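Let's start with one chain on its own, the form predicted alone, as structure tokens.
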Amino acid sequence: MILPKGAYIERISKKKQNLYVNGEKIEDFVEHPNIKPIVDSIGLTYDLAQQEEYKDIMVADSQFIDEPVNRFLHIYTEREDLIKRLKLARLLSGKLATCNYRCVGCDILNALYTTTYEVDEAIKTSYHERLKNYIKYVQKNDLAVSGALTDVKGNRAKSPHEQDDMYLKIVQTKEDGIVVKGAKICQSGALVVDETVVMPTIAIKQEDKAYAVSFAVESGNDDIIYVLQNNAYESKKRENPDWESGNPYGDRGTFLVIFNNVFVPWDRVFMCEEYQYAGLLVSNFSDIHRYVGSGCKAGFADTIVGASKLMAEYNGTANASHIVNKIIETVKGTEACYACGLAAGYEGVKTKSGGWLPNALYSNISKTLGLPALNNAVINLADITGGICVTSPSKNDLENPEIGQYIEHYLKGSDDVTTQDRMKLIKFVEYWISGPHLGGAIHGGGSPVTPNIFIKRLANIDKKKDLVKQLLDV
């Protein structure tokens, strides 16, 4: 089923959430200046699915309910699904210049689809059928689903069982379900979705089997608490929710999500103490999420390229050779990351479940290419813009009757652009330069060292060594 944005907002508005922003409990969260941009971002995923121009990318034919569904709820059953998923990521990141908040949920559903099939086959559980029923449910109702992966971890030198609930765990197994306790951190958009699907964050050993758990939970649960991130960008958004913050869709809104003895019925549990398969689930998810991330980073970089060119025009430097070269550098880094992602899709593999996974090696390499590409893009954008990217007066200064005339005069650029339009662009650049995006690029899909571990394992370096030995007969 494909529903309009209004249906999504109507559902979310009825939720009673335990939300805290900067120490204050918030009741009317949908219109809150820090939350509304997240709602609008997810809303765009519904809007575009209604538009004929984007239906090929935004909409897929479900194999479960015999009707079209939003691609964020679709299971990859052919190679082309992988390619369209990557294109979807780039499309939305280019239109939002921030997160769409539905990637992780989609990626976890696809990782679970493959993993639960293998678990059932090996130890005769029934997780795969439960998962398929759950997928039918979210598809029939066109629900927004987020994913929860990252535990707070506590002391990284200790394993989960050595420090109680610093990793989310099962605290009780009952006849009708399980009770879980713990917290997930850096959860993008978790407050304003219909459902959240939870999975482990690391491979699990036998002594930590209580932490090998995956399940789905409906938002609005009385036993779940959401605490919004707080940084300089979020403070600015509260002070002046207009164009001063740089991006109308805001920055990546994430939450600390506290599970305070949450009950989960069995039909929503997809892993319960099967510790030996937690690593497989994490690996399948990581390959998918790093793959999709190459599309996200390319879309972000598209907005940086556009801002770089526009700023050069506003500053009267569009024809300077060093400016042109910096924009070209950004394009090369962007397309190298995206091309590697496409290769991962085209070299994807069909699993026993009938689902598809991207090529693991290329997925991990795309992650390692994406971080420096985005980092260099931001540096080039700052260079092209000049120091004003972090020293500009505010929108309120421009509109102040006593000093506005001076701001209007002294922040003017090219003759054919207004001071306000130039300042809007400067604030968008500031959003990229000093906002939290770089941290997200570094750690989204895992810290930078993690892909290298997979690359070393997957690259068949010894086989390449043998090629040289055969060539030289040594």
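The numbering used is simple: start at 1 and walk along the sequence shown. This is a predicted model, so every value here is computed, not measured.
The form predicted in complex with a small molecule is left out here; the points below concern that form.
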query: Selected contact from Ser188, Thr98, Thr114, Ser214, since only one has a non-hydrogen atom within 4.5 angstroms of the small molecule in the predicted bound form; finding: Ser188
query: Answer option from Lys55, Lys412, Lys424, His443, heavy atom within 4.5 Å of the small molecule in the predicted bound form; finding: His443
query: Whether Lys153, Gly439 and Ser447 all lie within 4.5 angstroms of the small molecule in the predicted bound form by heavy atom; finding: yes
query: In the predicted bound form, Leu149 touching the small molecule (heavy atom, 4.5 Å); finding: yes
query: Heavy atom of Lys209 within 4.5 Å of the small molecule in the predicted bound form; finding: no
query: Any non-hydrogen atom of Asn380 within 4.5 angstroms of the small molecule in the predicted bound form; finding: no
query: Exercise: Thr254 in contact with the small molecule in the predicted bound form, heavy atom 4.5 Å; finding: yes
query: Interface segment, criterion being heavy atoms within 4.5 Å of the small molecule in the predicted bound form, picked from 21-29, 5-13, 447-455, 460-468; finding: 447-455
